[in-house]
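This document opens with one chain alone, in structure tokens, the form predicted on its own.
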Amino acid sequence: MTTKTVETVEAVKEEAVETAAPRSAGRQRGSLVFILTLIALIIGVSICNKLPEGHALYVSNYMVTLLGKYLTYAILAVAVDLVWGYLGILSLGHAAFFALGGYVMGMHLMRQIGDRGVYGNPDLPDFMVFLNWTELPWYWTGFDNFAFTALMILLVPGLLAYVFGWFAFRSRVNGVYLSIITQALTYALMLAFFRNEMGFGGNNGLTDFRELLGFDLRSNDVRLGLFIASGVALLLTYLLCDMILRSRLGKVAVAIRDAENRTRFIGYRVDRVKLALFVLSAMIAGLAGALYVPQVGIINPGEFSPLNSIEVVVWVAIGGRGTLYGAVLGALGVNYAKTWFTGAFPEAWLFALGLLFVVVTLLLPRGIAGLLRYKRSTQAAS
């Protein structure tokens, strides 16, 4: 290939990635508003939780825990939006990465119980004693150490995503076929974790957690600390994803989403870009799961359910994929509605969710974030 030809190809590559990802001022403004709102939410809830219970602005400990759980869902939604909204990979298996992160944290929390369990065994969790296990399985080794656990929270989902993605993307599995395979992956893991022989508590999962880093998980201060940790994790995750998407890697990702064959033809290693962002997305989902478990107090195989993965996709679709902050809005809004519906009209929730998804798909194909963008552009034009 001559020097001129190489320069021409590079020029085409530059043009492709630049035109594929125009970054509007509106998107920057939306990200800034989101970041400031999130910081205000973290500080505001922390202050209001310390007010006297009769105060008009008091935020109860129950609400703090609920908001903390919502924030972990928002992190998961950002992970899905990263690969779906910007890379065009509709993953229906991200619940698997979320649950794996949760199980890793659950294993650490179980090891912290020690001899305070029902059977008083300092070496084995209660469910293993009940099932007549005589020694701790080798894959539980090291989980009494928090630093090792923190590393595994990222490595376990990341490694699974790497192995899965390496085969799938090199084989050029795309579209609905890839979505079905990801759903089969999480379903297979759910069935495996239901088995008592796996050593993860079977149907009941892992529960009865007591402490994290020496702090009582039932303490109100610890619950507030977990809420703050979830908010900070969401903020850092958002900033990381936003930085990546503004980089050359992010622009190539959008080019792959919009014209994969053209991007491959002009010389980009499409499979490597897909694999890198898919692994990162899985690690973010695992982090969300690890923050979720100490706040809800349990992790069981139900978290692998394919329905959970589909629900995450619905959050992102309603909020507006390809915006990051839209995914957060969708996760917070839909889960608040779920909490309200399951309390007031428990039988109607799934119908309401389905109706909401249909309405948004037909009337707001770009979700709530798209509606906000449309209003801003209309105001600017007038």
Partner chain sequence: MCSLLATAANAEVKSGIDELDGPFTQFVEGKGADRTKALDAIAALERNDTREVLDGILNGDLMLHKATDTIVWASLDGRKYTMQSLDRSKDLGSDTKRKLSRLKVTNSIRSHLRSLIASLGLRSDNPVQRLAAIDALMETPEQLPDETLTELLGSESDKKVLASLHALEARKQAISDNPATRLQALETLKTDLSGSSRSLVQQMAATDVEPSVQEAAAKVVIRQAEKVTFFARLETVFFGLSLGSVLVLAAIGLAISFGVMGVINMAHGELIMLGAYCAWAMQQLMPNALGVSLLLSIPVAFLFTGLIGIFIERTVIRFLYGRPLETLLATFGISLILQQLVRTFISSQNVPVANPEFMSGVVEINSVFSLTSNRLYILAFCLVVFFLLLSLLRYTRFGLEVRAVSQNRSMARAMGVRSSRIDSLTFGLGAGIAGIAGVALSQLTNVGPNLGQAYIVDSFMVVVFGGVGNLWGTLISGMTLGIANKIMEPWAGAILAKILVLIFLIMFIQKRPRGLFPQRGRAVEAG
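Computed from a predicted structure; not experimentally measured. Residue numbers count along the first chain shown, from 1.
Only in words, not in the display: the form predicted together with the partner chain, which the text now covers.
Just one of 341, 357, 70, 34 has a heavy atom within 4.5 Å of the partner chain in the predicted complex. Which one?
Here the answer is residue option 357.
Give me the residue from 239, 232, 249, 192 that has a heavy atom within 4.5 Å of the partner chain in the predicted complex.
Exactly one residue meets the criterion: 192.
At 4.5 Å between heavy atoms, only one of the stretches 302-310, 239-247, 73-81, 120-128 reaches the partner chain in the predicted complex; which one is it?
This holds for exactly one stretch, 302-310.
Since only the chain is shown here, I'm wondering whether residue 45 would be in contact with the partner chain in the predicted complex (any heavy atom pair within 4.5 Å).
Residue 45 lies outside the contact set for the partner chain.
Does the partner chain come within 4.5 Å of any heavy atom of residue 296 in the predicted complex?
Looking in the predicted complex, residue contacts with the partner chain do not include residue 296, since no heavy atom lies within 4.5 Å.
Even though the partner chain is not shown here, does residue 280 get within 4.5 Å of it in the predicted complex, heavy atoms only?
No, no contact at 4.5 Å.
Can residue 207 be called a contact residue for the partner chain in the predicted complex at 4.5 Å between heavy atoms?
Heavy-atom contact with the partner chain at 4.5 Å: absent for residue 207.
Among 61, 148 and 202, does every residue place a heavy atom within 4.5 Å of the partner chain in the predicted complex?
Looking in the predicted complex, the three residues 61, 148 and 202 all stay beyond 4.5 Å of the partner chain (heavy atoms).
Do any residues of 350-368 have a non-hydrogen atom within 4.5 angstroms of the partner chain in the predicted complex? If so, which ones, in sequence order?
350, 351, 353, 354, 355, 357, 358, 361, 362, 365 sit within 4.5 Å of the partner.
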